[in-house]
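A lone chain, given as structure tokens: the form predicted alone.
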Amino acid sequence: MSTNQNDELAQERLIDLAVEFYDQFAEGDIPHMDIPTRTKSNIVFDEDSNVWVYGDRKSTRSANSVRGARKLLKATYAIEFLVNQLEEGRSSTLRELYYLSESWDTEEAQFNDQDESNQLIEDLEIVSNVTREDFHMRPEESGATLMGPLELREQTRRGEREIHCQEDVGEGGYQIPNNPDTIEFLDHDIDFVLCVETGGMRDRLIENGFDEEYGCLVVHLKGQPARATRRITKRLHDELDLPVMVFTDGDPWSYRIYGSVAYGSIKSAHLSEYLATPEARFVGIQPQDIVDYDLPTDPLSDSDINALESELEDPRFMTDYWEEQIELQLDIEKKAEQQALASRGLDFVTDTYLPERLDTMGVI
């Protein structure tokens, strides 16, 4: 679907929501909006699709209370703003929407804090079945990058441009746009995608020429990956039929980074089928590596131990592999960073560690 078609669909869905409120008034009903209950207890792991999704429980935003009426009022103001933004071909950040509400002519429609405006945008995504990217809403921070043998065409305000993500970019790589669905993949020599947690490790791989030697597209996750990063990763897998590997530190929080790439996150459960790549595989630092390579480590904190124990109860990690690794980590009471591999030399990660792991997994 083209960008213009996406814009038109987003406008249409938003206007339909407003029309629904008017129809409820006309029929003598109290205006209301039903959305899935966004609590942990209403998030279920769909074993067919291997992603987190919302369950059947619904919450109703109804004007039959002052609090509910305020929420619907704010929703209608936000809908009007988003429709106008789309008509004008403009965009804004989530932070700007919060401040912009200060200028709305009804004080009751103004947001109390940014959490409230962020949550409303998520509500509108869920009930309209349109993503915030198609509302032209951007997060405040972005900047995740990719580097590798991929040629693409992107839509910009200055028209289309074609970019080769090795030859036409500097050492920093190609910056992933807020809405990766505006990118068209033209050609590639990629054998696999490697999603890397830290900037230091991403730079080591590029400096050592890992992307060129192994036909690897290196995607820098920048810690917990943004939606745009997860979306382009899914597109690379689905459309180009590429294996996706996730390379992180060896701690429970990094395992959750892998989990969000592969299975989705609780916060964005309504978008799991759009963002998650269940076929993604973990190639990060394993507790077994800490033992085998005698890596420099830090002791597990109490919060690390609690997180590991909760992961043993998490459907995403209920496999023989993860149970074995997590139990081992709880036993040795240690964690290690990606950069700990440098204790074996700066080239160890690209000459030995990753080639051996990826060969064992049948990727190279």
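In this text, all values refer to a predicted model and were calculated from it rather than measured experimentally. One-based numbering along the sequence shown.
We do not show the form predicted together with a further copy of the same chain, though everything after this point is about it.
For the three residues R95, S103 and G173, a heavy atom within 4.5 Å of a further copy of the same chain turns up in the predicted complex in every case. Mapping the unseen interface onto this chain, D211 counts among the residues with a heavy atom inside 4.5 Å of a further copy of the same chain in the predicted complex. Using a 4.5 angstroms limit between non-hydrogen atoms, D304 is distant from a further copy of the same chain in the predicted complex. Put simply, F185 is far from a further copy of the same chain in the predicted complex: not one heavy atom of it is within 4.5 Å. Contact annotation: T352 falls outside 4.5 Å of a further copy of the same chain in the predicted complex, judged by heavy atom distances. Contact with a further copy of the same chain in the predicted complex, judged as any non-hydrogen atom within 4.5 angstroms, is confined among 203-211, 273-281, 223-231, 251-259 to 203-211. Residue N178 is the only one of Q286, T131, S265, N178 with a heavy atom lying within 4.5 Å of a further copy of the same chain in the predicted complex.
A heavy atom within 4.5 Å of a further copy of the same chain in the predicted complex is found for exactly one of L240, I121, V169, V291: V169. Contacts to a further copy of the same chain in the predicted complex (heavy atom within 4.5 Å) from stretch 318-349: E337, Q339, A340, A342, S343, G345, L346, D347.
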